[in-house]
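Given next, in structure tokens, is a single chain: the form predicted alone.
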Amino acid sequence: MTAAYWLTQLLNALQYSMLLFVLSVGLTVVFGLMNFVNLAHGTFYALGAFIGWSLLRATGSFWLALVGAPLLVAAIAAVLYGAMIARMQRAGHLAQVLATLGLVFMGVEVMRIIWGDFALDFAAPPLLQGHVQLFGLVYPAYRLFVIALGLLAMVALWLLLERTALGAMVRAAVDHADMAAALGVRVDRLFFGMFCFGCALAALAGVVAAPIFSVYPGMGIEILIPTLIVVVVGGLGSLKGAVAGSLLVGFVDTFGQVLLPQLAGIVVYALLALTLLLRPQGLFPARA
């Protein structure tokens, strides 16, 4: 186990963490803002990957797929919000869990019907198909792109939530939605916009992950549990929590497989259990 080996694992952990961040930040803000348990978030991740694959085949452009898939998924989320999500917002968590769990299985079957039940290859753009020499290490350029995209998303979301009037309204609604509404914030529109935005981020994560993991109907179910763990560990409605949770889960999972391969399947759940025991509200919740 040389220094190059450990640097490779460090980059792998960072790449996985950035992917988890892009996927989980939309879910944690929606959960913290709307108090809505959306188990179908992983389905939007898979749907983004499939729509991106179709756009890639139709146009030959990875970049068009990267931009177009989140926009199309946001449009689908807008329809779903009007048809179901808005009506179930006050139905209680149990009803929300059952309804969105039903959407998960419906989504998997719809994707199987449209795209088939086999894994589909999703090629990275030619610019990112090679390798980069980094501190004596040869590392895939596309994985470095994923790390850079995640860091860019962190900075952009921090600027949006901390330095704009829209971000102030989101933070106020997360802290106390009724008081924000009394002060003139259109909380209903804010809910709608953030739900669509969160689903678009999930679709973006799906397109970004596709060249690494390929595209298949069950990919949304597999990524859902790590995403929920990130939300619980980090804390609801908090950008800082999404960053901390994604980094913790990404590094614990990656290095757990390296250092404790016999226990690789439980180390992330041990992190979850420890968090629930010591700090059940998460590391950086937006509200108590």
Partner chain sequence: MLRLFDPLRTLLALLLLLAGLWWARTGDYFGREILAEMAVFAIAAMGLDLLAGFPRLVSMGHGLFVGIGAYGYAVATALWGWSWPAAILLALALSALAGLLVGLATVRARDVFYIMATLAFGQMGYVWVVRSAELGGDDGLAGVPRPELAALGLDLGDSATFATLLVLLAAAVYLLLGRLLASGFGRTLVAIGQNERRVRALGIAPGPYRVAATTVSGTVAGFAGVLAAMHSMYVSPELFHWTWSGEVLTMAILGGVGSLVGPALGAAAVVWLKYAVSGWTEYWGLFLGLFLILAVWTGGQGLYGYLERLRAWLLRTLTRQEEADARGDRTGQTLRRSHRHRPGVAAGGEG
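Positions refer to the first chain, counted from 1. Predicted model, so just to flag it, every value in this text is computed and none were measured.
Note that the form predicted together with the partner chain isn't included here; everything after this is about it.
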Checklist entry - What is the one choice in 221, 67, 258, 252 with a heavy atom within 4.5 Å of the partner chain in the model of the complex? => result 221
Checklist outcome for this item: Exactly one of 76, 154, 98, 132 comes within 4.5 Å of the partner chain in the model of the complex through a heavy atom, and that residue is 98
Next on the checklist: For the partner chain, considered in the model of the complex: do all three of 120, 138 and 143 come within 4.5 Å of it, counting heavy atoms only?
Outcome noted: no
Item to check | the partner chain contact at residue 160 in the model of the complex, heavy atom, 4.5 Å | outcome: no
Checklist entry - Heavy atom to heavy atom, is residue 272 within 4.5 Å of the partner chain in the model of the complex? => result yes
Item to check | Proximity of residue 110 to the partner chain in the model of the complex, heavy atoms at 4.5 Å | outcome: yes
Next on the checklist: Please tell me whether any heavy atom belonging to residue 58 falls inside 4.5 Å of a heavy atom of the partner chain, as the geometry stands in the model of the complex.
Outcome noted: no
Checklist entry - Which single stretch, out of 32-40, 239-247, 46-54, 59-67, brings residue heavy atoms within 4.5 Å of the partner chain in the model of the complex? => result 32-40
Next on the checklist: Using a 4.5 Å heavy atom cutoff, which residues in 256-281 contact the partner chain in the model of the complex? It's fine if the answer is none.
Outcome noted: 257, 263, 264, 265, 266, 269, 272, 273, 276, 277, 280
Checklist outcome for this item: Evidently the Cα separation of residue 168 and residue 90 changes by 3 Å or more in the model of the complex, so the atoms lie farther
Checklist outcome for this item: Against the displayed form, residue 228 vs residue 89 by Cα, in the model of the complex, with 3 angstroms or more change: pair is farther
